[in-house]
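So this first bit is one chain, no partners, the form predicted alone, shown in structure tokens.
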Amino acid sequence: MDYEEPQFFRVMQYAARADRDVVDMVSGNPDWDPPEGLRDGLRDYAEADAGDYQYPPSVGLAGLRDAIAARRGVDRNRVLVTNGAGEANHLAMTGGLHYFDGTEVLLTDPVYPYYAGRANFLGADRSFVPVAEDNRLRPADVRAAASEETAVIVVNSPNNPTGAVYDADAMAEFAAIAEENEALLVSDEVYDHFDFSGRFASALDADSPNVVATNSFSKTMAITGFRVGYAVFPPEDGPTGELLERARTQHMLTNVTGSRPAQYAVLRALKTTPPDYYAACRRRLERRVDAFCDALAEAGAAYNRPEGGFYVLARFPDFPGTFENVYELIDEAGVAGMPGEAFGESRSDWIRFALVTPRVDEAAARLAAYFE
């Protein structure tokens, strides 16, 4: 699969050019409102003093880093605020490839294409470990694939696109494999608030010097445009402490810093948003998963019921997940999803649908009518 060109834009641009109404189920942009505290923070910031319109600390606002550190149970100095989880993952992967001797990035199949694209951009060798039939990555398979050539292992839980959620035992195994092979485990946990299974565990719980956990507020607070993410690196005084200092330097040289008003608003939201907000988001998604999966069953499709996140993989009879077939669904059914072949080999017969649209029921009805 070609990971050099951003594949999502191919489908989004095709859908935008369609001569009919299309339900967008390609991108992961939440369709619900952000927390009210975030809006309040923006309003207050508009009246801030001139000094508050200047550079914030490169590593992020101290209060925001405190809040992140408290939630993650780590020292604030380990937290680096980034421009979304994308930069956090980039810094972690770059750091692992620089620090450890190997040249290989070990990825899952199916894989979120940006991980593979980033490895390609960095000139790394790429290897893929297929998930099992239940869509989960088996630690034993990762251990068999890892070697002295491995510098970085990337996992994502809850997973995009499979919806798999990994518990504490699995995360501890992944971290142990990284240590055994002198590699870095990069754990992308951006969908952690959307765990339907109750099984989610952060890789940080493994307490390993070979783990970087990344996250952002983009999905959690429905603010993908704010670009406020973060990475939690190993302690600076530990055996892999160089990773943190290198990431700080690279972040500063590339971005100088992140957006001060965006960080300010996120911090206000963290302080004022009740647990009910996040619970309501999960319930909304669970209802959509139920409705969409029921409609897929009526259409004769196979599907995965995700344990977390907001994506569903579906397989329709004699209709593999190619770009050509996705374009056909846009033209003929008015529904846009992502082809399985964009995520790798093991789920190339499937199509991924993002359930972040209020038109989930309408999309499901269109698919059922098309395949009846």
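Owing to the predicted nature of the structure, the values given are computational and were not obtained by experimental measurement. Residue indices: 1-based, along the sequence shown.
Although not depicted, the form predicted together with another copy of the chain is the subject of the following passage.
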| item | value |
| --- | --- |
| Which of 99-107, 78-86, 148-156, 194-202 lines the interface with another copy of the chain in the predicted complex (heavy atom within 4.5 Å) | 78-86 |
| Sole residue of Glu345, Asp331, Asp33, Glu324 within 4.5 Å of another copy of the chain in the predicted complex, by heavy atom | Asp33 |
| Contacting member of Ala279, Met252, Ala168, Ala302, with respect to another copy of the chain in the predicted complex [4.5 Å, heavy atom] | Met252 |
| Residue contact check: Cys293 to another copy of the chain in the predicted complex, 4.5 Å heavy atom | no |
| Another copy of the chain contact at Val232 in the predicted complex, heavy atom, 4.5 Å | no |
| Exercise: Pro274 in contact with another copy of the chain in the predicted complex, heavy atom 4.5 Å | no |
| is_contact(Arg72, another copy of the chain) in the predicted complex, heavy atom dist at most 4.5 Å | no |
| Any residue of 19-45 that, in the predicted complex, places a heavy atom within 4.5 Å of another copy of the chain | Asn29, Pro30, Trp32, Asp33, Pro34, Leu38, Arg39, Leu42, Arg43, Tyr45 |
